[in-house]
Every structure is written in structure tokens, then in C-alpha cells.
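In C-alpha cells, one chain follows: the form predicted on its own.
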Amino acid sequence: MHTWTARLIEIWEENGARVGLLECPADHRPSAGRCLLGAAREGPPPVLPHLLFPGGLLPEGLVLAPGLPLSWQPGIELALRGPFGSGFHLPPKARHVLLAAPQHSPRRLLPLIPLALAQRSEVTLVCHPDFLAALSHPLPPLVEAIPPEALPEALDWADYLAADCPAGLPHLLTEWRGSGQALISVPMPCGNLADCGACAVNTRGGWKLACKDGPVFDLRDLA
């Protein structure tokens, strides 16, 4: 696990939430679903570092998914640690890839799109139109975007599902038994350093730690 310092190049808003662009070496960039812990180098130290997820990649650096602190401004130096956790694993044989963010921004799922297109998978994104319209860069033309009410039909089509539902998985997804994974949003204050238990997730195999065993879990393992 790396520790390093990087500059926050740019900050913008998408549907009222703050998104950022971080200078980030290629070998330090988290894959989809994995995360970093970050804190401003100047000023009073935070009680807890901030959890940062990848939300895409631009030539200038790593896009950070929505939720940046209001105190962070462009040009700020961040002390970072990570990547840590277990992220999404796109099956090489998946041909119908469904990305589902029916309740909020799809940013944390967007890094999966170039991987899926590179293996010639068809990609459909389930997202509310308001969040889709707020994205600073348009989706690739080959990606189909559909509203949340079309999710049941899309599940019949998919052979792999990646879900991001911070408010809790809809019953429809917990009952789905195809190949799929879900990003579970829980606090991860120690970042896999102390096994503090704050990020414990109840699974069919017992309690697991999101910072080590997740935060991405197989849908079939979730209780």
C-alpha cells in the first residue's frame, strides 16, 4: 500500500456534489471499487481522513467520485494512502454488462466502462436522467443509458451486474442470482490498518470487513 502526496488539480460540481481531478501516478491509481484515504496537508488535521473513490480517468489524472469536502479547493496538497480494499472484477467472458446506480451518481461505476468496451462487451448503465445529465463528460456512444424503472428488464438481459447503491440494495438486486457485485458504502476509518470493525458488513458467510474483503462484494454473498 502506497503513501504519497498529490495535488488536487480541479474541482467541479455534478448535480450539487463536488467532483475533483487528482494528479495521480499510474501505479497508484485505484481500480474500480477500490479506494484511497486522503487528508489536506495544511490546516488542522481532520478527525478522520476522507474516503476517495475513482470516478474515471482523464489524461491529466484521476477523477475522484462525488463527495469531496467543502474545505478542499483546487491546488490543495493531499496526503494519500492506498489503494486498498477489493474492487470490481469484470469477468472476461461477460458480453452483456449492466452498471446499476439507480439512486445516485454513477461515477464510481464509470471506470468499468473502458474495461468492458475493451473486451467487446455491450454496456448498459442504469441511472436517473438528472445524474446522467450532470456528468462533465458524455458517455461513450456505445454505452446505452436507461432510467431506473427499466432495471427489471435490463436484469433479464445482463450476464454481469455491477451495482452501486449507497442507500441499500433494492430487493430486486438482492434476489438476483446472476454473476454480479455490489459496492457497499460504509465508513472505513482505519483503512485496513487496525481491523477496527467499523466497516463490518453482514454476509451469508458471516461478518466481513469492507476495507479488506470489500467494499465490493459478490451479490450472492450479501445477506
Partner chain sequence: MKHDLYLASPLLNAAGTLGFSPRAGLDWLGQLGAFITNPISLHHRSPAHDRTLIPFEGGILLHTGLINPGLRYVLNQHAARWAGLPVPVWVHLIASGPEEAAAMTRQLEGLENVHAVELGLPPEISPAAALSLVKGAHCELPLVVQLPFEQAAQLGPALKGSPAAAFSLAPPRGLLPGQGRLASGRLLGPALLPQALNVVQSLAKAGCPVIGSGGVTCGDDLRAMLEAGAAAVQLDTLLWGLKGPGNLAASIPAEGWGFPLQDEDLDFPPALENQ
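Everything quoted here is computed from the prediction, not taken from an experiment. Numbering follows the first chain given and starts at 1.
The following text describes the form predicted together with the partner chain, which does not appear among the structures shown.
Residue 79 belongs to the set of residues with a heavy atom inside 4.5 Å of the partner chain in the model of the complex.
Heavy atoms of residue 195 reach within 4.5 Å of the partner chain in the model of the complex, making it an interface residue. The partner chain is not shown here, and in the model of the complex it never comes within 4.5 Å of any heavy atom of residue 173. Heavy atoms of residue 49 reach within 4.5 Å of the partner chain in the model of the complex, making it an interface residue. None of 23 to 31, 153 to 161, 55 to 63, 181 to 189 except one has non-hydrogen atoms within 4.5 angstroms of the partner chain in the model of the complex; the exception is 181 to 189. No member of the trio 99, 103 and 128 reaches the partner chain in the model of the complex with any non-hydrogen atom inside 4.5 Å.
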